[in-house]
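What follows is a single chain, given as C-alpha cells, in the form predicted alone.
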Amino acid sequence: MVLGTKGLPPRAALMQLITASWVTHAVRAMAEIGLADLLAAGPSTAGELAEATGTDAPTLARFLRALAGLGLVAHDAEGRVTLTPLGEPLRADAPGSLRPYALAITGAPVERAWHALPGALRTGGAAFAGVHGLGLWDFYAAHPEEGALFDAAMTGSADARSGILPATVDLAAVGTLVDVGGGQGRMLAAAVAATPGLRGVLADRPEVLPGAEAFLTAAGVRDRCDLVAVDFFSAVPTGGDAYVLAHIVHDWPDAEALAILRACHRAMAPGARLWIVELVIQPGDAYDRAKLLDLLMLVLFGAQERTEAEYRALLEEAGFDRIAVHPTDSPYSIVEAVRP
C-alpha cells in the first residue's frame, strides 16, 4: 500500500489517502519560500528562517514541526533546523532539482484541472482543456511565466532519464541515433558522450531548437549532432539506425500516438530499432506510480500511461515487430521494437 497506510485499519488508512494533499501543500510551500536553499548553508533557528523568508516566526515554527514529521527537515540538539537528505532535492541548485516540479505540478492550473477529474472520467477527454479553454501547451504559451516553470520541471525530469539509454541498450552498433521530440537534447547528449563514433539527430518543433543548440553546445557534443525541425505527427528524419521517443508517447491518446509511431516507421530502414522510454504500468492491484501518473495524463492531455500489452498492440498496429520491454535502474522501462 502507499502513503504509510500499511498495517492501518481501513478507516485510518482511508483517512491517510483523503488527507494526502496536505503533504503536497506542505512540500509546495517549502519549495515556494525557498527553505531548502536557506538550509543548504547549515542549521538555522526558526527565527532566522522567518526573517529570511518574511514569515511569522511562531507560525513558521509550527510549519517546520510538520516538515520534520515528514522527514524533510530535522531539529538538532540545540533546536536548530537542518535539511535532511529527503529535503535536499528541493534546493534550486541540487542536481536534477525537484523544486520546479514541486511548484509546477502542484500549481493552480494543474490543481484546477484535477478537480475536473470526474468529468474526464465521463468523457475520456482532457480535464485541463475543459477547465482552462486551452490545451496545456497552448495555455502555457499564453502564460509564459507559468510555462517557463513547467519547462523547468520537465527539464529536471529529463535529467533523471538522461543516462538510461547508454546504461541499458547497446549503442556501439548504432551509427546515428534520432531523438524524436528530444527537447533540449539531454538524453541525446548523454548517449553521444558515452558512445565513441555515435552521431545524433535531435528532431523537435522549430521553437525548441535554439534551446537544444545551446544545451548541446554546452555539453560539448554539438559537432556530433544535427538539429532538425519537425512535426512528428507527419514526418521525422530518415537515415537513423535507431530512434528514441522519451516521455513522448504517454502525452497522446492512441490515435495521435499511432500517428507518431507511423511517422517513425516510414522514416526507418528495415532493421532499424525504436526505443520508447516510459513508465510501463505493471499488472495486478499492487501500488504502481505509473497508475497514478496515468490519471495525470488523462487530466492534462486526455492521454495515458500504458501496459506492456497496450504498447505491443500500438507498435504492432504501427507496423513494428520483435517487441521487447527492458527494465532499467530507474522507474522507467525501454520498450524496444524493430522495423521489419
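Note that the structure is predicted; figures quoted are calculated from it, not measured. Heads up: residue numbers just count along the shown sequence, starting at 1.
The same protein has a further form, the form predicted in complex with a small molecule, not shown here; the description that follows concerns it.
- Of the heavy atoms in Phe215, none are within 4.5 Å of the small molecule in the predicted complex.
- The small molecule is not shown here, and in the predicted complex it never comes within 4.5 Å of any heavy atom of Ala74.
- At least one heavy atom of Val230 is located within 4.5 Å of the small molecule in the predicted complex.
- Within this chain, His143 is remote from the site of the small molecule in the predicted complex, having no heavy atom within 4.5 Å.
- No member of the trio Trp114, Ala290 and Ala303 reaches the small molecule in the predicted complex with any non-hydrogen atom inside 4.5 Å.
- Residues with any non-hydrogen atom within 4.5 angstroms of the small molecule in the predicted complex fall in just one of 158-166, 218-226, 74-82, 96-104: 158-166.
- Contact with the small molecule in the predicted complex, judged by any heavy atom within 4.5 Å, is made by just one of Gly130, Pro89, Pro237, Gly181: Gly181.
- Think of it this way: in the predicted complex, the small molecule has a heavy atom of just one of Ala190, Leu171, Ala259, Ile248 within 4.5 Å, and the residue is Ile248.
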